[in-house]
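First, one chain by itself: the form predicted alone, in structure tokens.
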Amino acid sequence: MTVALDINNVSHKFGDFTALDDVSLKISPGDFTVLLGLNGAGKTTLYSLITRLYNNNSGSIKIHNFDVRDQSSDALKNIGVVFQQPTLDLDLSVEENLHYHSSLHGISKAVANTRIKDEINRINLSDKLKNKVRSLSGGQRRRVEIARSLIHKPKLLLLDEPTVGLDIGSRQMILKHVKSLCKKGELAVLWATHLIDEIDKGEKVVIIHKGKVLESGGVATIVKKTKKKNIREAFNKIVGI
């Protein structure tokens, strides 16, 4: 069976500091999985390894059976990424940002026009297509980044703290949109966050703390295992808060 993301025994150090310690996790097509951890837990380091910003010297990382180290091109073309820090060009229009991304992926202008229209409609920002990015709100910019990450039709979407600094309405809109993408197709999502209120009861959670995966599974299973009332109390117990 195809696994969207398969991480086995991955560790990573910065000098003497161990940022990740023997991390393993799997995500299937169509899964919405939350990577839950406090700031500094290792979430961003793990994303940097998956996307090849860092080289993994231990273990293996596979995306739809392609090893990111040995088959980088085939693996990375299946990934869409929304990084923690915004990466849109503020002085370009929404449309220009999306066309630039399309050209990097070798997508023809005709195909790009169709895909951009589809994605921008899906996030309800078609009236902002000609606007410069700097004129958009924080929530609108995030929605554009998500649209951009999907133009090349990836099979795995990585989001690193995508709602930090946004108001409640924008956070809820982005969460709803991303979760709907999983339900509609085979897209798998790994959503990294430290915000426990972004987790619903039926979802899968991977709890990471100080570079180690301490627990993974469905919310109900983790809550039951820890004998707590909810995922917040379960998380606090697991990480020792």
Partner chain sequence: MNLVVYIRCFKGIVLREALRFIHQKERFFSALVRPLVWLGIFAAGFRSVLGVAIIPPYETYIPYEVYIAPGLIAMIQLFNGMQSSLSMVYDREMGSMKTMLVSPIPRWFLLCSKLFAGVFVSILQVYAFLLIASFWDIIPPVSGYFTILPALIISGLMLGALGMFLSSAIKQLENFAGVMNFVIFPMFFASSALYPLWKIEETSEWLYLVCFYNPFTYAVESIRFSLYSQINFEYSAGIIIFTLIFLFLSIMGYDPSRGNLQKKGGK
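None of these values were measured; they are calculated from a predicted model. Positions refer to the first chain, counted from 1.
Missing here is the form predicted in complex with its partner chain; even so, the following discussion is about that form.
Trainee: Can you work out which of Lys26, Lys184, Arg52, Lys201 has a heavy atom no more than 4.5 Å from its partner chain in the predicted complex?
Mentor: Contact check passes for Arg52.
Trainee: In the predicted complex, does each of Glu96, Ser103 and Ser108 have a heavy atom within 4.5 Å of its partner chain?
Mentor: Looking in the predicted complex, the three residues Glu96, Ser103 and Ser108 all sit within 4.5 Å of its partner chain (heavy atoms).
Trainee: Considering only heavy atoms, tell me if Leu92 and its partner chain come within 4.5 Å of each other in the predicted complex.
Mentor: The answer is yes: Leu92 has a heavy atom within 4.5 Å of its partner chain.
Trainee: Examine Arg143 and determine whether its closest non-hydrogen atom to its partner chain in the predicted complex is within 4.5 angstroms.
Mentor: Arg143: no contact with its partner chain in the predicted complex.
Trainee: Using the partner position in the predicted complex, report whether Lys128 sits within 4.5 Å of its partner chain, counting heavy atoms only.
Mentor: Lys128: no, not in contact with its partner chain in the predicted complex.
Trainee: Examine Lys132 and determine whether its closest non-hydrogen atom to its partner chain in the predicted complex is within 4.5 angstroms.
Mentor: Yes - in the predicted complex, heavy atoms of Lys132 and its partner chain come within 4.5 Å of each other.
Trainee: Name the stretch, out of 135-143, 115-123, 76-84, 163-171, where some heavy atom lies within 4.5 Å of its partner chain in the predicted complex.
Mentor: Contact criterion met by 76-84 only.
Trainee: Can you tell me which residues in 158-179 come within 4.5 angstroms of its partner chain in the predicted complex, by heavy atoms?
Mentor: Counting only heavy atoms within 4.5 Å of its partner chain in the predicted complex, no residue of 158-179 makes contact.
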